[in-house]
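First come two forms of one protein chain, each written alone as structure tokens, so that there is a structure 1 and a structure 2.
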Structure 1
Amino acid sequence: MPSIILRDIKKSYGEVVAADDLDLEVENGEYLCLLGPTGAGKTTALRIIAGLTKPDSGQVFLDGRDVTDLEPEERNAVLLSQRYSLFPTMTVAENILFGPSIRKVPELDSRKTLVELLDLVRLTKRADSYPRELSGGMQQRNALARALATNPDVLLLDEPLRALDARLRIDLRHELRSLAKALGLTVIHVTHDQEEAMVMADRIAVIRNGHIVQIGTPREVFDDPVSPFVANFVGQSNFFVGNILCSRDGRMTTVEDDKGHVVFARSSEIPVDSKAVVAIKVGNTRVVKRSDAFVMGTVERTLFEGRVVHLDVNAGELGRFSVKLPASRRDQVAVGDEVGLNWDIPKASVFPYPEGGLEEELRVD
């Protein structure tokens, strides 16, 4: 049975709609990343699950139990807030022991939990420090230990890695996930970092304007985005706008723009002659010889990023394309070079042209 179910949740603050027919199911023991741009309603969704915000309508189920009208303390769902909210008047150890002492866990057991958790989050030496004396990473680990000490069924993490430096963030991704798995927790992890979601999640739910637009494994969301927005938000994409020339031959779709340029994408159900958008993941775009190219352009800018080289290619009327080259091919291209671009046809998605225009569709604010 799914551990968390949100059904038709609506919540608005005046004009702003923070949750709009929000539906979500999270399986027991699953690690779900809720991914979305800022203001999408991620925090609102977590607060509704935790019981801190009352939805205007809709229902929340935890473990099959309708908890919509229950108080936060009756849900056994711990929220780790964006700001950690460590209690400033308590030490690291006292913060961790807060939950157990509220639940009247026997002294001996809670001591044992404390020792284990301090060890787990590597704060044994700082047990008697106050939160303000800790670094950002330590505070984050302290907050995590405090959340784990209550032995929750559900852990709600609101951008838990945000305040950490890049290196630590990457280390902690694995740690956090394996910890949750080892403890059998059901986790919703909010982030707006798509890379973090890709490597950590069992499934990713992409949220926008208070509504889940797609949910699936990282692979599904990456390879089969349901809209240009998802295609661009989860792993950046290059876009091509045109009309469908032919689509129903089962192998591929041919799209032509009004200047006569033609590109190819995977097969689709979109009727011939309607306006469409082709999205190709930057990572799936290749630099090739002129004879193999779908698109030609001049290199405008190169950025050496360490492992890869990023190219901005100006394809004239077709706009700008981004390409990544392995660092080993770094010396083969230079600014001003004319290059050809193509991609594996099945890896290019094609969508009906969005109603509000492409730019509006891709907006992330």
Structure 2
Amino acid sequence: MPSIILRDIKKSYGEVVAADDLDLEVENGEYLCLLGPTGAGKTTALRIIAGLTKPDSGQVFLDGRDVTDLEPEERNAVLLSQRYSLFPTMTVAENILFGPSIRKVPELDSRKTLVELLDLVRLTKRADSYPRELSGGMQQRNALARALATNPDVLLLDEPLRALDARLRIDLRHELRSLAKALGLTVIHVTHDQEEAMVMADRIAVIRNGHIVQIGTPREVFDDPVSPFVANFVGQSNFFVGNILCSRDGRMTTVEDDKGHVVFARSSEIPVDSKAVVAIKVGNTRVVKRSDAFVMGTVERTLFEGRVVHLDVNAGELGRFSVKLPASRRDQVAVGDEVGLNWDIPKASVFPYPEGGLEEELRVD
């Protein structure tokens, strides 16, 4: 299966910039999730790779071959949208056979492909059913089989699980990734759901305003975000704004705000006295006794979420912090309680203060 390279891609629709010097490399057989908010340029990137949208400038390479000016049928890259686009008057089998028939594949080969794909997506017993007679998950598998029937080199998935209910979406995450790996496909899976990307991807590429802001394994992007935006988009974070007081022995950074509140974060090369932002994942923020606290606050709200309890803590001048407690501790904390908060220092990231301000940096629309 081929690698995919986007180089210096630009694409605008009037005043709307959908791709802004977009660079991306996807390895052979890789399952890459392109993660970003609505309007970040995710679908445009897929359409450019598929040949359905022509970039204003830049190049597209598949397996080292420049395909920028080639028609979609010359690229062998299949785009599967979230709407599935099954033909309502065709059965499951007829939908799958549509691609091979257009390509004039011999009937014997087409029938062999049909049998294999029906078995692969577990729809053998529903081969004669119409899309309206299928569940959402079955429709998704039918659309996937139809895409695979064309024997693509590259599979491009545009939020393929978005229209499904929560339970089915979770089940199909694993099925879809396993199927792609079994077939050795190179896949780009577009999503705005960070949890979906975390569990499915070999690597995650975070896209914002038409360009990639960070790419890495799920753990790298989660644990070592390159900006406050990534820290909050890939796993919600709490934030503290202040000036760098000192960085001790390359192990810890001390940050103090203008009210004299002090917190601690991992080591940083940001100069002393520079304005900075400390980001702590909600899941890494703990409720502790006063003597161990970096921050004190009052519990304003508790939300039971099954295995965890979400707390909103008002820390006064420092703003609001969120915490997740194990459900087993839900009776230990109540609205109105004063609590202390802290975190493991190496798990707190520190960034230079954004030029446009923190609120603008975290904006996702």
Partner chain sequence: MKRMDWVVDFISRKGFRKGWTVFIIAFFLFFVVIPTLYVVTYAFTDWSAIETTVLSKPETMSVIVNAVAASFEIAAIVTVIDFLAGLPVAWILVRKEFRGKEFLDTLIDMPLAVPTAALGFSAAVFWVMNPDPVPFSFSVISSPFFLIILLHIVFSYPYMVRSLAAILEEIDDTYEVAGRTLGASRLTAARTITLPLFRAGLATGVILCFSRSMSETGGTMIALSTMANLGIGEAANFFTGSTLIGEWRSLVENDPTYAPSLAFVSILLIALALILLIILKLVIMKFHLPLRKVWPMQEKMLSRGIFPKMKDGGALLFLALIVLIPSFFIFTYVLFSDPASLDMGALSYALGYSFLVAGVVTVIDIALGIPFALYITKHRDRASSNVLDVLVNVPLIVPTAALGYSLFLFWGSTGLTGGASFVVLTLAHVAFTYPLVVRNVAGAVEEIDPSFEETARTLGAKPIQSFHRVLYPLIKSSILAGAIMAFTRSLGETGATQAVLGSNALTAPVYIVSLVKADELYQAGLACIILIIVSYIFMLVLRYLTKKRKEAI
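For the two forms, the rigid core is made up of the largest set of C-alpha atoms that agree within 1.5 Å on superposition. If you're wondering where the values come from, they're calculated on a predicted model, not measured in any experiment. Numbering for residues begins at 1 and runs along the sequence of structure 1.
A.B. asks: Which structure would you label as the form predicted on its own, 1 or 2?
C.D. replies: Answer is structure 2, the other one does not fit.
A.B. asks: Checking L157 here: with the core superposed, does its CA move 2 Å or more between structures 1 and 2?
C.D. replies: Shift at L157: below 2 Å after core fit.
A.B. asks: Does I188 show a Cα shift reaching 2 Å between structures 1 and 2 after rigid-core superposition?
C.D. replies: No: I188 shifts by under 2 Å between structures 1 and 2.
A.B. asks: Cα of T91 displaced 2 Å or more between structures 1 and 2, core superposed?
C.D. replies: Yes.
A.B. asks: With both forms put on the same core, how far apart in Å are the CA positions of M138 between structures 1 and 2?
C.D. replies: Taking the core as reference, the C-alpha of M138 is shifted 2.7 Å.
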